[in-house]
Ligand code: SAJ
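Given next, in structure tokens, is a single chain: the form predicted alone.
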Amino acid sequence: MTIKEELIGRFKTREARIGVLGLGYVGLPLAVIFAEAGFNVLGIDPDVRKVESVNKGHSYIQDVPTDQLAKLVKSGKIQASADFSGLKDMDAVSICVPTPLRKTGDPDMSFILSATEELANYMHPGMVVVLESSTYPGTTREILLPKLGSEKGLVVGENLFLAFSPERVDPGREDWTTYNTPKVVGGITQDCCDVATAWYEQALKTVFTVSTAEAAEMAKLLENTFRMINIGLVNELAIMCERLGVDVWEVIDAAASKPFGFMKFTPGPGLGGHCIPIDPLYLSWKMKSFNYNARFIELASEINTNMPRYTVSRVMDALNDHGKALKGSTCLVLGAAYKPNIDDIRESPALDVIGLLKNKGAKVSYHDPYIPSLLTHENERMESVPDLMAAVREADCVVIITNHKDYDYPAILEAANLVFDSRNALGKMGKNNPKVARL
């Protein structure tokens, strides 16, 4: 029996031991899915607080209920550790670490490099490693393969199986989860793809294979580039409609009535989350090495990056129309999360809007039912106001940045002196209302 056949057999009998590097928004849900499928899972993270929380059965990820995690921890199916030496006993390892951008706009590969170097210390024949972190095409082959394969005397496709499978986590969703969202897998070799696919098929509903790791890496970037560019388009449309005196929300709803050939995107105060604002720029950065300028990506990024500033300029105009200057005015920002109904603040445009309002001399507070406190870009700690409606009544302008469903919008509108609605959260209530300005 070949090493490949033996490893696939261990997956089918649930004898294979699973390691997950990184216990964040991607890693913890994945660890839970594997554990629920009957595998023994070791989650490894250098953050001791996360390790302790997991081992106590307490979830810090909104998409993983504490009851679900506690049950798996109690049964022994999930354990967490900050000690990487546990990797020596693993048959399969999934790498789920962050891949942010540097301030210069190039990918920060330090987390992937660190995880790979730690894993390399414990590599042994008969392991499958899958990178899930979003990155540029070529990362798996150019960075992981040498460190995990040739430098360790392992032969890819024979006794080392290496693949890329992009995470597709959308925090807060209940219809599409880690379990039922189709999983794209591409290997360094076909045997690598076969082994990784056999592994994921034991726990996930659908696995979609592609011919290479690069194809899988590129597929992830296409998904988020598609969204980024279309959001950039409607953001620019909002700017154009404002100058034309046309209601952008009415225009979008009218276009969306077409049953074919149109997909609805909506404008907003900027892009947020770990993927859409960042992933396309990996591709743009990579293409520079081929002397190619990814013009669509660069233009969409420019438009989207400017939206917080445009939003603040519109708030300034709205206050001016009501006889007030932005400087010295009290502004209450509603919603700090990057999208509705979640507690994720990564890359949230609310942080940019708060900073810009403060720089213009406004007195800024915020409220978010999911985020009790936050750290601004200026490293200032802010607390969510304790009494929402009191803060609404006191504010010169309420600025809706994240349209959480928890908010009682009719009550907010009635109590507010002025509302700037960047998300059309007020809907028809806000249209032609003298107290409301809309993006």
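One-based numbering along the sequence shown. All values reported here derive from a predicted model rather than from experimental measurement.
The form predicted together with the named molecule exists for this protein as well; it is not shown, and the discussion that follows is about that form.
In the predicted bound form, residue 265 approaches the named molecule with a heavy atom inside 4.5 Å.
At the 4.5 Å threshold, heavy atoms of residue 170 reach the named molecule in the predicted bound form. Shown alone here, residue 308 lies farther than 4.5 Å from the named molecule in the predicted bound form, counting heavy atoms only.
Put simply, residue 186 is far from the named molecule in the predicted bound form: not one heavy atom of it is within 4.5 Å. Considering the named molecule in the predicted bound form, the lone stretch of 266-274, 313-321, 123-131, 198-206 in range is 266-274 [heavy atom distance within 4.5 Å]. The listed set 338, 366, 161, 282 contains one residue whose heavy atoms approach the named molecule in the predicted bound form to within 4.5 Å, identified as 338.
A heavy atom within 4.5 Å of the named molecule in the predicted bound form is found for exactly one of 231, 87, 72, 357: 231. No member of the trio 139, 141 and 147 reaches the named molecule in the predicted bound form with any non-hydrogen atom inside 4.5 Å. Contacts with the named molecule in the predicted bound form, taken as any heavy atom within 4.5 Å, map within 206-221 to 220 alone.
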